[in-house]
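In structure tokens, the next block holds one chain alone, the form predicted alone.
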């Protein structure tokens, strides 16, 4: 029977144990699990940590989890029935472990990464999404989410997961990725605005990307590029996160003083 939220439930205990093992849990840890489903990861995490918060949008699954932990007299688990994108994350230090919902995985990551109170996150997502998160410049999958991720976190791809490890089986291969918080301060607003703008026209030169951003114009764009000793024919996918930071820092100063 098709699940209400299109869930693909992990059924492989070896994979589940490897996911949890990657987070290096200890008795002092507080853990957030998003979309616990039927609890295959949850039941491995719970005995190892001080506190486990489960965020489950599906009311039936929420009730099953509540009943299970009440029946087993477990006191360190809090089950919350809410859409994670609407959930107010408590102000506490925590780790994250999750088989992320395929349809909103990227949105969840964008909510979590800028926070200062998470330390490590182990996520399972579609393999293609994991490639985008971890891609370096001059690679096929490199884009906005690559830079967003690298600004806030160090990332390591751990292993792939076959569709046979789920029920129902998805049509794609999944991958598990580990993110480690860099505790970066929020960048200037212009940074992510420009990165998104540049990759919306990724086949254009960086000169065209700058000149069309906030009506800077080609003459001013050339001055900015010259000041940074960049090639005007450079394309966005050739630029690293630090290149974009240097560029937007220069653009911000130039915009304030000349526009």
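As the structure is a computational prediction, the values presented were derived from the model and not from experiment. Residue numbers count along the first chain shown, from 1.
There is another form of the same protein, the form predicted together with a small molecule; it is not shown, and what comes next is about it.
- Shown without its partner, this chain lists 49, 40, 225, 190 as candidates; in the model of the complex, only 40 has a non-hydrogen atom within 4.5 angstroms of the small molecule.
- Taking a 4.5 Å heavy atom cutoff to the small molecule in the model of the complex, the contact residue among 92, 82, 74, 157 is 82.
- The stretch that touches the small molecule in the model of the complex, counting heavy atoms within 4.5 Å, is 54 to 62, out of 23 to 31, 228 to 236, 202 to 210, 54 to 62.
- No residue of the trio 114, 149 and 184 has any heavy atom within 4.5 Å of the small molecule in the model of the complex.
- Residue contact check for residue 143: none of its heavy atoms lie within 4.5 Å of the small molecule in the model of the complex.
- Although the partner is absent here, residue 130 lies well away from the small molecule in the model of the complex, with no heavy atom inside 4.5 Å.
- In the model of the complex, residue 245 stays away from the small molecule, with no heavy atom inside 4.5 Å.
- At a distance threshold of 4.5 angstroms between non-hydrogen atoms, residue 176 is out of contact with the small molecule in the model of the complex.
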